[in-house]
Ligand SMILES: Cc1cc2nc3c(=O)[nH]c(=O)nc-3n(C[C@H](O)[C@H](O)[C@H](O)COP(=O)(O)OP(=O)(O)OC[C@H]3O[C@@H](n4cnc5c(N)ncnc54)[C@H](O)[C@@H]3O)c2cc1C
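The chain below stands alone and is given as structure tokens, in the form predicted on its own.
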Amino acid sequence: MKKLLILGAGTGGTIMANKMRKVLERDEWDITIVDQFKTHYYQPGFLFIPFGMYKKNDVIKPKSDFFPVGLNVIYSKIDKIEPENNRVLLEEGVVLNYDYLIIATGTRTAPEETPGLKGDLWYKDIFDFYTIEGALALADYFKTWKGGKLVVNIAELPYKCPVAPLEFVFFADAFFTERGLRDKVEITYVTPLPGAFTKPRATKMLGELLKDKNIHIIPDFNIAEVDNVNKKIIDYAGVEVPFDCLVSVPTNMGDPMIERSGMGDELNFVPTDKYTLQSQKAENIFVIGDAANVPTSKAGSVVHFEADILQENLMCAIEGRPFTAKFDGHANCYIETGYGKGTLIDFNYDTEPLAGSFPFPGIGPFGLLKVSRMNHYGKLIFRWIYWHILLKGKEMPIDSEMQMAGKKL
């Protein structure tokens, strides 16, 4: 019996378990997935929690709800991978051998990487919203907060869902306006990027939205420390930004076991061929989602598009054929802009976000680089799609390769 081993039962690992169980014969292939946690989080929903739009139960389900029949499931911490021996060691001393390995261990927030971030004010006046604990703590804080300097800071690149901090400040603008507090809340967006986003057209549009909503932006800010006593963040150039409430997007890092395995870069992300999704460490190891160091967004849409490529290329490897699929870095993101509206971007390695219609040329129903109520509905509908279609590896009417049809050059 040949063995396919999947490390991580988040979005990428669960999708691949479903896809590969459909195409690999059960009497020939044993498929095992390993994860230390039994709860699956709909992470895009964390953004909605601080503003009272979602509750905890809206973003959690048992991981077992999404596993296919015929999948071996092991709940355990992973010690390390031994690629030279084609095996994985679990913390309990269990050894798992494999013929092919998929690494889908994602990324985690590491606030301890920034001096002072997890100081005396952590979860008192300093929060994150990239964890369920942080989002819930911030929701409680905002219930009674009377205003002041609200600072949203991105500590370091890369990080999960690059548009989420922008969505947060847009939501904050609407949230405090609706509560009659907007004139008492000064919102500042502090980023290491030179502008609101990484792509010129999107940066221009999103930057104009920030200006229209009276949200200040401080670009090129590389945080060095958080001063808990004087309530300010300081960058390496000595620039200081005072806060009353700091919402941080902490440094993101790969799983610590990647470092123990000697397979990661300086942030524990796995060096991966950005087109084939094959590990640069071993030919029988593939990487999907946030665990990889490929130069595209760490987001659920990317995992979905990668999964089609990975399934095809993994079958090529198993059957001894040259790779026939190529990942183009496709990503698309619904961006909440507040007041029941949103925008949408669609891009890849080589093409920046362009205006147009999506997913159907001339029909939409969603508008690219356009603020509309329909795009907001697209974001809300995605939660249902995530639970019922995407995680189960079902087909969706969106090509994994980015399409130019419907886009305006």
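Quick note: we count residues from 1 along the sequence shown, nothing fancier. These numbers were taken from a predicted model, which means no experiment stands behind them.
One more form of this protein, predicted in complex with the ligand, exists but is not displayed; see below.
Interface residue remark: residue 9 is counted as part of the site for the ligand in the predicted complex, having a heavy atom within 4.5 Å. With a 4.5 Å cutoff on heavy atoms, residue 330 does not count as touching the ligand in the predicted complex; it lies far away. The closest heavy atom approach of residue 264 to the ligand in the predicted complex falls outside 4.5 Å.
Contact check for residue 246: no non-hydrogen atom falls within 4.5 Å of the ligand in the predicted complex. The candidate site formed by 63, 288 and 298 is fully in contact with the ligand in the predicted complex, as each residue has a non-hydrogen atom within 4.5 angstroms of it.
Here the chain stands alone, but in the predicted complex its contact with the ligand, taken as any heavy atom within 4.5 Å, falls in 36-44 among 54-62, 369-377, 36-44, 352-360. Proximity to the ligand in the predicted complex, defined as a heavy atom within 4.5 Å, singles out one entry of 189, 130, 197, 221, which is 130.
When the ligand is considered in the predicted complex, only one residue from 118, 77, 281, 232 comes within 4.5 Å through any heavy atom, namely 77. With contact defined as any non-hydrogen atom lying within 4.5 angstroms of the ligand in the predicted complex, the contacting residues in 251-276 are 255, 257, given in sequence order.
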